[in-house]
Each structure stands twice: as C-alpha cells, then as structure tokens.
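Next up: just one chain, as structure tokens, the form predicted alone.
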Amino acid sequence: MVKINGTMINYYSICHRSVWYLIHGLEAAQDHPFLEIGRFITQESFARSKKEVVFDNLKIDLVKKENNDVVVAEIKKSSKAKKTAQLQLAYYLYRLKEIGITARGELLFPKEKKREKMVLSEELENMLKTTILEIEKISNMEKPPELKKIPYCRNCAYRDFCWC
C-alpha cells in the first residue's frame, strides 16, 4: 500500500500520470524553473515562522500558533492552482485530525500578497477519502495512466517523461 503524501494529493488534482510517476519513484526534473521558484519563495517568505515541519511522510510548509490555535500553512507561488492547493492543505489538516490535533489552515501566496483561511469541512474530508482511494488505484497500475494533454503540461517538471 502506498504511503500518500501532500504532493500526491496536489498532483492528483492536476494530472493522474504525474501521481503515478511520483509513486513509482520517478523524480521530476529538480532543476525545473517552477520548482526552483517555488522553493525560493517558500525559503524567503515568512522568516519568523517555523517552516518545513516533517510529520510522518508529510512535509508541511509552515506551522504557527495564533490565539492558542495551531495553524498549518501551504505556501504557493500563485493562486492559479488554488483548488489543488486547498486539497493538499485539507489533507494535512485531515492527517493531523487523525492523530488528535485540531488545526486550521492557511493558503499563502506571498507574491500576490494573499492569504486564505481554511477549515477542514465534512465535504473536504469526503473529497479526500475519494482522492485517497483513487491514488491507491493509480499506484496499483502497471503503467502510467493514459497520456492526456492539459494546460499544465507546458510547465510540468515531468514533461520529458510524457512528451519526448
């Protein structure tokens, strides 16, 4: 059984094929400009907060305490793929809830100077449960899912695996 992480949840929302690559140990091009920009933004933003908290197989961008509440945050380059970032953050909240930690979330888009608060709703939990089952199905596939050209392909760090 695959040990699901936030990146898989994020990728699932965009491209099932990239989830398969990740699960099967194929690493995206680490020198891809968008990955480097994302790492840079995460490193340089929110200097006073505790960053990159590793919990089990999860890597949470930022954790802080506000008014006795635990707040976990996901830092993104832009709000272009906000829905996928919301699902990734919801997954962190869901996993924390499983071990008895109630937290709320924030999506942070430092370059756009945007911050969106988020709580784990029953609807999001149900969506996550479905997503987790689908990712498990993808992990059991012998080959990657069918190739489909989508707008994200142009900037994908796995592009060479699909389009060369």
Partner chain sequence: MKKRIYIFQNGELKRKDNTLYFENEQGKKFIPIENTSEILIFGEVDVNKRFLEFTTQAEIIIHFFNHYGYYIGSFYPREHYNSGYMILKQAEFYMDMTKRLSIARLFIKGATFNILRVLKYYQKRGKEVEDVIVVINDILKKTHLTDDVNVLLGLEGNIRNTYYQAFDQITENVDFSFEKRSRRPPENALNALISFGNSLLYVEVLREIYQTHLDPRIGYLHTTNFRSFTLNLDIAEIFKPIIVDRCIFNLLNKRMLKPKHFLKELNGVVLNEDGRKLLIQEYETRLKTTIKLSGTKDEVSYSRIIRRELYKLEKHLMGEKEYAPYVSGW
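Keep in mind it's a predicted model, so treat the numbers as computed, not measured. Residue numbers count along the first chain shown, from 1.
What follows is about the form predicted in complex with the partner chain, which we do not show.
- Partner proximity in the predicted bound form, defined as non-hydrogen atoms within 4.5 angstroms of the partner chain, places exactly one of 95 to 103, 55 to 63, 128 to 136, 29 to 37 at the interface: 29 to 37.
- Three-residue candidate spot Trp20, Gly25 and Arg159; every residue lies within 4.5 angstroms of the partner chain in the predicted bound form by at least one non-hydrogen atom.
- Heavy atoms of Lys148 never reach within 4.5 Å of the partner chain in the predicted bound form, leaving it off the interface.
- In the predicted bound form, Cys164 approaches the partner chain with a heavy atom inside 4.5 Å.
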